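First, one chain by itself: the form predicted alone, in structure tokens.
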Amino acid sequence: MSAQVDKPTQILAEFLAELKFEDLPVEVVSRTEDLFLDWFGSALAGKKARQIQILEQFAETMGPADGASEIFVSRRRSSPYFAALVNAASSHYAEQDDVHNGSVFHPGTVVFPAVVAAAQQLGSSGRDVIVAAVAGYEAGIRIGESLGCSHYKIFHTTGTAGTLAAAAGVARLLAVDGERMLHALGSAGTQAAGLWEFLRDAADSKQLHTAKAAADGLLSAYIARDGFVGAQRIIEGEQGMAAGMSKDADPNMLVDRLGTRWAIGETSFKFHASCRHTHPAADALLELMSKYKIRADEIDEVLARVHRGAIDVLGPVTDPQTVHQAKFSMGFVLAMIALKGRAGIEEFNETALRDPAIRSFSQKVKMILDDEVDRAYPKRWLGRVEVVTRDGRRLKMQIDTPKGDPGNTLSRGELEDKAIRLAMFQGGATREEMQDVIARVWRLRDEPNLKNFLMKT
């Protein structure tokens, strides 16, 4: 094991504070624009969702009657804090927001809501937003990695590391120095939370995790700018996050190849509208059924060979009671793949939840821990399935790079199609409105400001 780096959080904070647009490789800038569009579509997909409407009502009750920042699903304005809160919750509803494999973390759903809400108030340029977003991704991914796999067993990393990611992004937008960036991370870390227990009873906590991470990260950045002091070793300190939330923490990951390794470029897009832990097996089952030309009614059993993290998260969901909970059921997701050929946002609905054929097929699916898959995780998420057919055949398929990973990424055309489908899912925006948004995002680096994406006055 390498020697412990002295004051890694401080080194990270100084790097984030000093980050400039000119430091970013062109591929990082382009990737940030791709991720921005992917997030924007997800933010609109939560329209009409009960959880999001409740948070909208809270924002309307507690926030200002008007403000500089857009709440996209409601077409209202509010303060940056409440806009970040609602937009973050909404963008994590459809389970289509991006994910970084190594940190098991959804960066876009917490970084972009906070950064965009603040940027609309501050009048920041597109270049400013790109730099801030990169700062947020780099911070959150590295913090998630540093907390290790043991953290994720109990804690939803997007709620924990995500709070610091949002703080880093907004603090960079506010152009604070390294000392105040460190204070922003300290205040964010002491508020970081998010427990997986909600999956057992289909609670709404997942959207609350992202809402609070984005809003509290924004809060932490603004108060740090004005002199509020946060803990300086909030991650690696004796009573910091690693001490209380991890058994295998590695603070050195906070500073791993800073300035040469761009973690934002490692981020994956989600192809299926379900928990990312289901995707490798879903891709493998799709490929197997296509290769061997078999139908769902010819399958007696499906064995999904998975990593430990998948069992920890998906294992408690044995009888999904809501559409959202069904997205965390390996059996339900693979049943959708087998019977419908896809598990997209349109396929997950109340009719599917009650469909006896899907329910019956889901009981044929079992997860088993696979040593090879587990050793590769979390850097690589391997797909391995075995299918036993009615005529006694035992068929196998393996996928090494799931659809959406950097090595098998979505093209800009695919991202545009995905964003439009997400926006139109519950009437969040029309096709024409999204085409305008898409054109604007593809020139984000040249935009003078980020005002009025969907509201023109």
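Small disclaimer: the values here were computed from a predicted structure and weren't measured. Residue numbers here begin at 1 and follow the sequence given.
The same protein also exists as the form predicted together with a further copy of the same chain; that form is not shown, yet it is the one meant from here on.
In the model of the complex, residue 138 stays away from a further copy of the same chain, with no heavy atom inside 4.5 Å.
When contacts are judged by a 4.5 Å heavy atom cut-off, residue 57 counts as touching a further copy of the same chain in the model of the complex. Taking non-hydrogen atoms only, residue 79 approaches a further copy of the same chain to within 4.5 angstroms in the model of the complex. a further copy of the same chain is not shown here, and in the model of the complex it never comes within 4.5 Å of any heavy atom of residue 369. Judged against a further copy of the same chain in the model of the complex with a 4.5 angstroms heavy atom cut-off, the residues 121, 195 and 239 are in contact without exception. Heavy atoms within 4.5 Å of a further copy of the same chain in the model of the complex map, among the stretches 128-136, 203-211, 274-282, 295-303, onto 203-211 alone.
Of the residues given (382, 253, 245, 352), 245 alone sits with a heavy atom within 4.5 Å of a further copy of the same chain in the model of the complex. For the residues 377, 348, 222, 262, the 4.5 Å heavy atom test against a further copy of the same chain in the model of the complex is passed only by 222. In the model of the complex, the residues of 216-238 lying within 4.5 Å of a further copy of the same chain by at least one heavy atom are, in order, 216, 218, 219, 222, 223, 226, 227, 228, 229, 230, 231, 232, 233, 234, 237, 238.
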